[in-house]
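Following this are structure 1 and structure 2, which are two forms of one protein chain, each written alone as structure tokens.
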Structure 1
Amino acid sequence: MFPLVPNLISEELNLIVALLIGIAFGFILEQAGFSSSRKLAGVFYGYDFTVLRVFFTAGVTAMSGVIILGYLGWLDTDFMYINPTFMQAAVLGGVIMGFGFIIGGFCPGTSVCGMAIGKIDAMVFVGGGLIGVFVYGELYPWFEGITNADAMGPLRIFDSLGMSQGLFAFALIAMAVGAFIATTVIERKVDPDGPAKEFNAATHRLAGLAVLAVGAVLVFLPDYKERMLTAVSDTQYLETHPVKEMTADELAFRLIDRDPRVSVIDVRAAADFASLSLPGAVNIEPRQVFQKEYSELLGQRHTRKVFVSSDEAEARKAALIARHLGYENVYVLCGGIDRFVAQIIMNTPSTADEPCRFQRAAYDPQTAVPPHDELRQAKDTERFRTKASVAMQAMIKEAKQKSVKPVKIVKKVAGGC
């Protein structure tokens, strides 16, 4: 799954990738006419809307691609760099840059592009840009406060607006197409010889409709992860997709036996995990099951991966996700930690074993075990649990004292302009 960089591409190779991408970026900017300040400034005076056309088309194309690849599960959007939101700085910086655009006629990327073909005003603009960064650097003590105020993290616009990703994408595409039509009308009035003169009306109309159709499809494309997480939250899905189960007794036996072929995956919140966890358990919340860093642990074919949560429901979801991702030998702990604590650790005498959640219908105590066997079995179980209670308590205490929880190393993609 993409992106490739944190895990598959080395830092040096990444710089070569940067150079190649830059060449494509620069070539396209120049071909579009972004090396010309007169053309760029035209967007504000109505004689040339090239900036708006190129910019909006590029943004909408990349956004649609991100959503489609995310839906297909090819792009891990959790690893994608989302520009963090600092509300005051975003507005203040944007306003200053708006002045810079009108007065200077370029933005940094386009000025570099203009410089490359010999535009003297572009070279001076780049020089000004360097001075601007230097001024900021020297005055940083004054600017630091507002730059870092209102830190809201990697906020997504559709969450801020309380709508779905797909719906926002469609709205943005519709806005873009609307803006293309309106600006073409304006441009033809302001300058009948402007760039819009060249457009073939039929082709452009067709392209506009195609783009709107893609946008309409996006409305129904949730992110791959969200899709999985929603699917496994559905009771019906859970009932039709059974997962192998392990009883508290079996798990306790294997743990006490120090069976190396069993891994306990605890899917509860970190705080619950910290207060009580089974020996050797690893804390992986359901949506983290997707992450690459756990693939080694979850990918051990011959190890039983026992998913546990408080009451088994969450564990079932995580186990299904794991199985869907291709991990084998996935189990859920019957009754979850709660029952494990009651039956094994506290050894509360209980009359009968409740079946696992989705076995209830098939379970018939009358036919399950003959009465005398059942009695013998109950006695065996009781004996085992009395021993197991002591052993487990000791093991949990021991594990807590060691408490060398594996440090999670999450490689994050660096970004920013």
Structure 2
Amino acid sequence: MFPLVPNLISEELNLIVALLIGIAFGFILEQAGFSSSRKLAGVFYGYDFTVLRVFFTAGVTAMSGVIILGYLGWLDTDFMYINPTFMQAAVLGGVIMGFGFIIGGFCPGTSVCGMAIGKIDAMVFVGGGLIGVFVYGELYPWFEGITNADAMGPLRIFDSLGMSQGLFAFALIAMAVGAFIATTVIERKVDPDGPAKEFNAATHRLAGLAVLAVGAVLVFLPDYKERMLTAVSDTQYLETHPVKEMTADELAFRLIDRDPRVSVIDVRAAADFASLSLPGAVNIEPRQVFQKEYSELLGQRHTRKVFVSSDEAEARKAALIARHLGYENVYVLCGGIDRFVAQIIMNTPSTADEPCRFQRAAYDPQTAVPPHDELRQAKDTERFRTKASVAMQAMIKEAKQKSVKPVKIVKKVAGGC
């Protein structure tokens, strides 16, 4: 699971790709006639809705692509940056920009496009914008209260409306089709010789129905992560997809021996991890297993990654996700942290050595312990746990006194039009 660009190419090449995309974007704007101020002004006067159609088409295409790529697991939607919402600034900025569109006839992108081909009005528009940026920067202390007022965080409309992203996508596509129909009617009345004159009614009806069909499909396309998390939460799925297991005794032995080929992945909540954690454990919650920041740790092929949690089932879910993502040597701690604490740290004599929750135990004469050796094995286990209890408590205390360097989470790249 990865964001398409950041994982496929380097950060340096990413800048080159961005430059090429920018050139292509400007070329398309110019070819579509957006370098003319009459195109954008036409939206407000009703004689040319090309800009609105292009914006709706771009939005619907990008939205559909994000949902489909997210469903396939080719795009990490959690990595995408969402501009935080500041309600007062958004409303005031929208009003100012709307007046700027009407008066100047350009938006930031189209003005740069027009300036690139030598249009004087576009140059004046860009110059005015740069002056406005400079004045705003110099007077920022005066506007700071408005700029940062009503902070609402990175909102997503479908979350605010309490609906799924697929249902919102269908609603937006339906809105776009409706807007296309309405603007075509208005355009033909205001300017019978406008762009709508050349529209073929039959072709556009078929296109509208096709787009609505795509929207209907999007309703039933859950995000790849959500689909995987839902799958591993099913008990039947857990039972039919076994994961390698490690007992509390073996893990304790390897930790006390400071085996470098063992990594403990604690999938509990951060608060539970802070209260009690095994030596050297790394806190990675199930949803974070998808993140590329942990790929170096989880991708160590010759290291056993032991997933632990209070409940063995929760650790098994995260382990199955890791294995599905292609990570190898994935193990689950039998019984979870609770049994480990009881058997090893507290050395409770009454703790039963039960099998793993989803373990398929079968009698094998070649590996089964003979009856006369069971007593000796039990005594050896008791002696080991007595020594391990003291050693493990000392290691946990030592680990708490050391400052553990957390995994650096890559910041989402800020940007936007």
Partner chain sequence: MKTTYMNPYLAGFLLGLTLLATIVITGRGLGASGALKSAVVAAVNTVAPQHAHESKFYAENLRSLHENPLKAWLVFEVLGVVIGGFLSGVVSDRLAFVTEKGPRITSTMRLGFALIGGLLFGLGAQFARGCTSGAALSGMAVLSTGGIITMMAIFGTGYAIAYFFRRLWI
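Just so it is clear, the model here is predicted, and its values are computed rather than measured. Please note that residue numbering is based on structure 1, beginning with 1 at the start of its sequence. Whichever C-alpha set is largest while still superposing within 1.5 Å between the two forms counts as the rigid core.
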Number assigned to the form predicted in complex with the partner chain in this pair: 1
Core-superposed C-alpha of F253 shifting 2 Å or more between structure 1 and structure 2: yes
Core-aligned CA displacement of A388 at least 2 Å between structure 1 and structure 2: yes
Residue shift check between structure 1 and structure 2, rigid core fit, K244 Cα at least 2 Å: yes
Rigid core fit between structure 1 and structure 2: Cα deviation of D234 in angstrom: 2.3
